[in-house]
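Take a look at this single chain in structure tokens; it is the form predicted on its own.
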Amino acid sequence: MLDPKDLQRSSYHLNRRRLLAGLGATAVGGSLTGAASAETMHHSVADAPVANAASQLDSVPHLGLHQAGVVNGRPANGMVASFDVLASNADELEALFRTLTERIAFLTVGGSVPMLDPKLPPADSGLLGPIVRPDNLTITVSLGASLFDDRPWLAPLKPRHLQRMMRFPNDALDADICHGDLSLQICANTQDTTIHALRDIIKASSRQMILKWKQEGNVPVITPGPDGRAESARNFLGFRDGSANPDSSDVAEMDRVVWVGADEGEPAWAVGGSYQAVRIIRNFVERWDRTPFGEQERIMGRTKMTGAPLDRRQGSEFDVPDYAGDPEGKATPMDAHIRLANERDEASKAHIILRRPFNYSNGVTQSGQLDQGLLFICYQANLERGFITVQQKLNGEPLEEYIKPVGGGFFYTLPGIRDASDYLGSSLIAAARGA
């Protein structure tokens, strides 16, 4: 049997070998030439998973100032599960947070499944066999507005901008797949690992919370180009999704865009967390596939094959459009999706968000159409200034003819687990007891 510490050590050495191999033979006199550019090139949330690179021993530390699963790269599979929480006081909520912390600590590190008396229920579903391997698993815990609104002892501690997700003009929200007291974003290399983690947590917390809805998704696995650069993944409309995402390896940029700081006017317990917006966006793929190619590009504002902006058609998705040089929208229409979402001026820097989406395919609707779309997830330090402002700019865009948001919710991602003696939500529980 493998010990969890052996799994951690194996993962560390494996990932280190991959990193050095990716950088090439550049170590001279103790230095690594080009390390910074390689880090920038391969560390973006928007990058698609690389073919033949994932291992069951890949691991992401679950301890730290911030939770895992936000700024680290996306693996191939992900889901969001939303729950109703049963806790009626601080002790019961603490018990739930400690249960989640305990399960996250085991599942993200891995180890042997304990064997119990055959007359008792098994300790594990058995989906992954006798040994649970980390498989790049992250489990990110966030809280919904209803958790605070429905509990007077928590209400004064509600994050400033946390609110029930409103209905935007193009939405057709299904109440059965909206909102919730608590969300889990579960990501891993393989689908079995995400499902195993969800079932493990449901079993461990069955007296503390009830599953309300979930949506699974995936990211296409691709082979890097000749220059070794990872590309953004394509969505089910066939375009690259995430080309203009901020660099998630830039710590200072993430502190500005994603993480809530002490000067944000939020409750002290919330420092180090982030606002999470989740949107289940159905794509009308049959209608889209009958739309002229040129119109598709004008609607999106990028070339479909390479992702290059329309004013730099011979370039790549990493080229920045020059809207100042195209004031009348002759190259990139004024109502193109990328132009509305980010005008590329000084003012728009305040509204940047970190997108972490997955494609989903749920089968066939009653009308005989494919139920496919985007499990859109984004993070930001200010929900009003981030997602809500961006979405309001997109209201009425031509793309709305081909998409329909049907579910999701707004949540507040808890600060990280500082060390082995800490637990998720400890700062919130301390603040609740102090109040």
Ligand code: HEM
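Worth saying up front: this structure is predicted, and the values here are computed from it rather than measured. We number the residues from 1 along the sequence you see.
Keep in mind the form predicted together with the named molecule is missing from the figure; the text below concerns it.
Peer 1: With the distance limit set at 4.5 angstroms and only heavy atoms considered, check whether S243, H337 and I403 all reach the named molecule in the predicted bound form.
Peer 2: Every residue of the spot touches the named molecule in the predicted bound form.
Peer 1: Using a 4.5 Å heavy atom cut-off, which stretch among 195 to 203, 104 to 112, 89 to 97, 342 to 350 contacts the named molecule in the predicted bound form?
Peer 2: That would be stretch 342 to 350.
Peer 1: Mark F410 yes when one of its heavy atoms lies within 4.5 Å of a heavy atom of the named molecule in the predicted bound form, and no otherwise.
Peer 2: Contact with the named molecule, no.
Peer 1: In the predicted bound form, is there a heavy atom of the named molecule that lies within 4.5 Å of any heavy atom of L394, even though the partner is absent here?
Peer 2: L394 belongs to the contact set for the named molecule.
Peer 1: My question is simply whether M300 lines the interface with the named molecule in the predicted bound form - judged by any non-hydrogen atom within 4.5 Å.
Peer 2: Yes.
Peer 1: Examine A145 and determine whether its closest non-hydrogen atom to the named molecule in the predicted bound form is within 4.5 angstroms.
Peer 2: It does not: once the named molecule is placed as it appears in the predicted bound form, A145 has no heavy atom within 4.5 Å of it.
Peer 1: Name the single residue among Q208, S248, N189, N283 that comes within 4.5 Å of the named molecule in the predicted bound form, judging by heavy atoms.
Peer 2: Result of the distance check: N283.
Peer 1: With the named molecule left out of view, which of A381, A48, V60, V390 would have a heavy atom within 4.5 Å of it in the predicted bound form?
Peer 2: Exactly one residue meets the criterion: V390.
Peer 1: Of 351 to 381, which residues get within 4.5 Å of the named molecule in the predicted bound form if you count heavy atoms?
Peer 2: Counting only heavy atoms within 4.5 Å of the named molecule in the predicted bound form, the contacting residues of 351 to 381 are I353, R355, L374, F376.
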